[in-house]
Each structure stands twice: as C-alpha cells, then as structure tokens.
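Read the single chain below, which is given as structure tokens and is the form predicted on its own.
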C-alpha cells in the first residue's frame, strides 16, 4: 500500500489548496477529469469481461453498466458531515465514492463472479469490500460494494484513483431506484410505514432473485 499512498500524494501535490469550487473551478475540473479517466479505465475492463462471456460462453453475465461522478455540492456536504477540512487533499483521501461505477447483472450468483473478476484485474487494488448481498442493510438495500484504487496514466505518470463499484441484480437495482425516489420525494425522511413496506418488498425481491437462479440452473 505504500506505493499507492505515494501515488495519491503525487495527486495531492498536483491539486493542493483549499476546496473553493466557485473561485477555483479550473482546479476542480482538472480533478474531476482525473476521476472520469479512472471510470473509463475500469469500465473498459468490465466491458471486456461482458463481451468475453457473451462470445466465449454465450452468456450475458452483465446486463448494463452505469457511471457517475459525485456533484460538487454532494462532495462538500459529505466532507462537512465527516468533519473534514475543505481542502483538495482531504477530498481525495476522505471521500471514496466521488467516482462511481454500477454493474447490473441478471442473477444473484453473477454478482460474486463479477466481483472476483474485477478484484483480480491486473493493477487493481482493493481498499474495502461490503457484502450487502449476503447480509442486506436493515432498510432492505442489497448490493455488493467495492472501493478500488484504479491505475491511470497521464503524461506518462501513473496515478491510483479511488473508484466505488456497486454490483447488483436488475431486481435489486429496481428496488434501490424506488427507495432513492421515495427518499428524494420526502427529503430523506421516509415514514415508518413506508420503511416497513420497502423492507417487505426487498425480501420479496430477494426471493424472486433466488427463484431466478433455480430457473437458470
């Protein structure tokens, strides 16, 4: 990990200073570009996995891939919630989900196959894993989370950029989308009755996912 820390320090040195997006939008744009390059690097590798399974095994292991970069206001809000200094250095080291990749697959068993393939990609380093598939959150949320350091090359310099990866089934993604809309509509505060309903539907979706595995074996 020492080597990767050194690479992150190089990035810090490139973009030192206080996080002031309004007055220093150019620096922020440079940093977001670097995160976008990391997303492209990882997505290209995952797309190859998708095509490999289709061509060699006649199996669509991945349905689709979504990407996003966190909005400036979301980054600042998260930093404030974590009591971080508003500096680029703190942003790089403390906020691990600025760059996000979501991999959507047909079956629950595919999640673990995809996870194993991603973590074994050359150059990729695992920072953290969270298995919300085997043990869903109390809310009913289910997905496999990875925090990865992804190597990118800019002007012949290698940097390791942090990317969050979420792997989930199409059914899990449908549930998560509904929950997100419910939270957005109610400004993040869902009623107890709505929460219970969401948990109930999450359990139903989990049974459906398990049923689809039986059908496809």
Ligand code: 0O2
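Numbering follows the first chain given and starts at 1. Because the structure is predicted, anything quoted here is derived from the model rather than measured.
Although it is not shown, the form predicted in complex with the named molecule is what the next lines describe.
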- Only one of 43-51, 160-168, 57-65, 30-38 sits within 4.5 Å of the named molecule in the model of the complex by heavy atom distance, namely 160-168
- Message: Quick check on residue 145: any heavy atom within 4.5 Å of the named molecule in the model of the complex?
- Response: yes
- Message: Residue-level question: is residue 139 within 4.5 Å of the named molecule in the model of the complex, judged on heavy atoms?
- Response: yes
- Task: Indicate whether the named molecule has at least one heavy atom within 4.5 Å of a heavy atom of residue 179 in the model of the complex.
- Result: yes
- Message: Please tell me whether any heavy atom belonging to residue 132 falls inside 4.5 Å of a heavy atom of the named molecule, as the geometry stands in the model of the complex.
- Response: yes
- Answer yes or no: in the model of the complex, does the named molecule come within 4.5 Å of a heavy atom in every one of 70, 96 and 183? yes
